[in-house]
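Single chain ahead, written as structure tokens, the form predicted alone.
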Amino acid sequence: MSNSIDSSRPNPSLIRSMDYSTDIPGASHWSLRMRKGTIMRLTDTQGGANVGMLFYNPENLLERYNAPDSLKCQHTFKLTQGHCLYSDMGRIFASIIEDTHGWHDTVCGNSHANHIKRWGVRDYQSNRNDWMQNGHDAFLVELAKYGLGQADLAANVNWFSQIVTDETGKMQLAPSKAAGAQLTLRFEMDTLVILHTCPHPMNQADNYPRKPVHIQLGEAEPVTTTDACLTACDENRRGFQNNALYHLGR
């Protein structure tokens, strides 16, 4: 991984600053506690990336991302700009304030060792950084750093992965989009982010897709009463109200 300070200011209306950036190689995992009012921008630098992501409340690790509620209350099957990511306590971990990809999956789950076997067997002991990691094991390695384990796994987001159906209704992974797709998350409460850059479970590529992602971190401008994520639906207004109650007096 390479780290650097990034002083660019790409969206002055929603983003106050971009202060830090890092590159996460393909088949890797990473985590960070994001503070309320900060942003995380992900860029698919080569095209074809998949970023599996989980969210937890660092003050109460039993509160975690709830994919069914996030889709149900916003009346959608996909995630994109304007949507919010809900916890299982009705609060909002993060809002998607920018998205050039247009469709992100949160229903197909995570890749396991059996999904990776199709590309052969490579382990870290023999192949070092050229091994083929799967999403399930990558999450478990990161979760262990916070005292969490398999029982704490929840349905995850798969950023940059679009799902389509064939004529029989069977779901499959859509072809990769061109390099450069971006999405930006604005964190509405302190959030522990766990992520990996392992393949989507439906990826049928001929070779193990070792795709990196570029991450930028910074600060957001305050949420206004006309904010697109806040006003997207009545349910989002209630989610933001739940956050306001949670932060009351702090």
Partner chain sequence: MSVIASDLLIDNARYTQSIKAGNYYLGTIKAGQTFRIVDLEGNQAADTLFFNANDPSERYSAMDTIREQSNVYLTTGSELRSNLNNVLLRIVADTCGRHDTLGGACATESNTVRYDLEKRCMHACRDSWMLAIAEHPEYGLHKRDISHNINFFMNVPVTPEGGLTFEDGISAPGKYVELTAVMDVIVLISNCPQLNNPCNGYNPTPVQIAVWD
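Remember, predicted model here, so these are calculated numbers, not experimental data. Numbering follows the first chain given and starts at 1.
Here the subject shifts to the form predicted together with the partner chain, a form of this protein not shown in this document.
Student: Kindly indicate whether Arg64, Gly90 and Ala155 are, all three, within 4.5 angstroms of the partner chain in the predicted complex, using heavy atoms.
Tutor: The answer is yes: all three residues contact the partner (heavy atom, 4.5 Å cut-off).
Student: Exactly one of Gly180, Gly149, Pro175, Gly120 has a non-hydrogen atom within 4.5 Å of the partner chain in the predicted complex; which residue is it?
Tutor: It is Gly149.
Student: Leu32, Leu217, Met202, Val223: which sits within 4.5 Å of the partner chain in the predicted complex by any heavy atom?
Tutor: If I apply the 4.5 Å criterion carefully, the residue I get is Met202.
Student: Is there a heavy atom of His104 lying 4.5 Å or less from a heavy atom of the partner chain in the predicted complex?
Tutor: Heavy-atom contact with the partner chain at 4.5 Å: absent for His104.
Student: Taking 4.5 angstroms as the cut-off for heavy atoms, does Asn242 touch the partner chain in the predicted complex?
Tutor: Contact check for Asn242: yes, within 4.5 Å of the partner chain in the predicted complex.
Student: Consider Gly82 of the chain shown here, and say whether it contacts the partner chain in the predicted complex, taking contact as heavy atoms within 4.5 Å.
Tutor: Result no; Gly82 lies far from the partner chain in the predicted complex.
Student: How about Ala144: is it within 4.5 Å of the partner chain in the predicted complex, going by heavy atoms?
Tutor: Close contact is absent here: in the predicted complex, Ala144 is far from the partner chain, nothing within 4.5 Å, heavy atoms only.
Student: Heavy atom within 4.5 Å of the partner chain in the predicted complex: which residues of 105-138 meet that condition, in order?
Tutor: The stretch touches the partner through Val107, Cys108, Gly109, Asn110, His112, His115, His136.
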